[in-house]
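As a starting point, one isolated chain is supplied in structure tokens, in the form predicted on its own.
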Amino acid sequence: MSFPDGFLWGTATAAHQIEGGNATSDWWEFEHRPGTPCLEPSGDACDSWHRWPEDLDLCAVLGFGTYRFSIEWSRIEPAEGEWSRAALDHYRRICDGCRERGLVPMVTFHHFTSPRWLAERGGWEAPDAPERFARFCQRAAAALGDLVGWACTINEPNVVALMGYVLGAFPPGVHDQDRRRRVDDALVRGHRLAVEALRSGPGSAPVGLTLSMSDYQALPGGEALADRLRHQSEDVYLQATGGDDFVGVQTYTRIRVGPDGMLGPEPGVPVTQMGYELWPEAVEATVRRAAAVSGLPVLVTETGVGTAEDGDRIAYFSRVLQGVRRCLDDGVDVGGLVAWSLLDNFEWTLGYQPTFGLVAVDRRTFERRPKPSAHWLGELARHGGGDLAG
């Protein structure tokens, strides 16, 4: 099975999950706060702040053409209005390192973490939070923009709002639907202002947001509720992408909805380490929906599976890619697929227990060991397709 010339094949990471020592962020404080649901702190993570050249070498040697990573706002602006030239230079070296290895740098400007100084002022509830984020994007773009290949403004803003303000599993750890709606509005505004800031140059990278999407499947009687849940979680953001260059779809499973609410896993369907169903076909469904609602080209900027059985990872991506190929055959503009994640890393409240990585990381020595799935997917990337049966 082949994919079009120019189709992006990549793998992804996020700063807080791999760098280590991200002590000026709200997440570092949250991990160490008594009573939060975090199983363990991020600590040294994968030590990628120092070992990033090794990570880029892995991407290139394995055969990928794109590396998606995030730059850490709290390192670049550790105190309000105080900018770290050293941190910006660090991320510029990573962009440069990508280019030197033939990798297209796909840069995310906000991946779940914010500076502590912003959190202390109310985080995304602060009246000027969108403007402060846009100011950061403008400063970062001025330093890196000429090297950036793709720019992602905010990673999964709907997850930031849901997990932080309804489920209490992300900072600030509260349960308040009204506050969630205000944060949704702020994140939408933050995205729109960030698009303007990033387009101010230098560089001309395509700009978009990445959205967590699920395949909402309504059982009899659950249709209206499924539509309402989908609208609140996804459509408020999809409808805010007008004028963007692409929308990033990030999908891992489906959500079954009955008349009384969301249902758990269906008996007989395998469950991942995260507790949700292993359902690769959800990617095809959400790619089609994102394209239809937004009218934009789509990139699959994240998908993957938390599992200790690497054969399940190969099977998962095989089924995902078959679905993407069906989308392409039907004329849906899908520009690429970025696998989550390059490394086994810090999975937020669940710590280091879930293993999404194509590459295992020794928790003591930080040694990287590519799994069979890394070689299999890398070969597909190198040749623009191949045997999806693995």
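None of these values were measured; they are calculated from a predicted model. The first residue of the sequence shown is number 1, and the count goes up from there.
What follows is about the form predicted together with beta-D-galactopyranose (GAL), which we do not show.
- In the predicted complex, beta-D-galactopyranose (GAL) sits within 4.5 Å of a heavy atom of Phe112.
- Although the partner is absent here, Gln250 is a contact residue: one of its heavy atoms lies within 4.5 angstroms of beta-D-galactopyranose (GAL) in the predicted complex.
- At the 4.5 Å threshold, heavy atoms of Gln17 reach beta-D-galactopyranose (GAL) in the predicted complex.
- Within 4.5 Å of any heavy atom of beta-D-galactopyranose (GAL) in the predicted complex lies no heavy atom of Thr286.
- The partner is not drawn, yet in the predicted complex one stretch among 54 to 62, 323 to 331, 27 to 35, 347 to 355 has residues with heavy atoms inside 4.5 Å of beta-D-galactopyranose (GAL): 347 to 355.
- This chain is drawn without beta-D-galactopyranose (GAL); in the predicted complex, the residue among Leu225, Met274, Ala315, Val104 with a heavy atom within 4.5 Å of it is Met274.
- Between the options Ser294, Ser74, Asn155, Ser214, the residue in contact with beta-D-galactopyranose (GAL) in the predicted complex by a heavy atom within 4.5 angstroms is Asn155.
- Residues are counted as partner-facing when one of their heavy atoms sits within 4.5 Å of beta-D-galactopyranose (GAL) in the predicted complex; in 300 to 328 only Glu302 qualifies.
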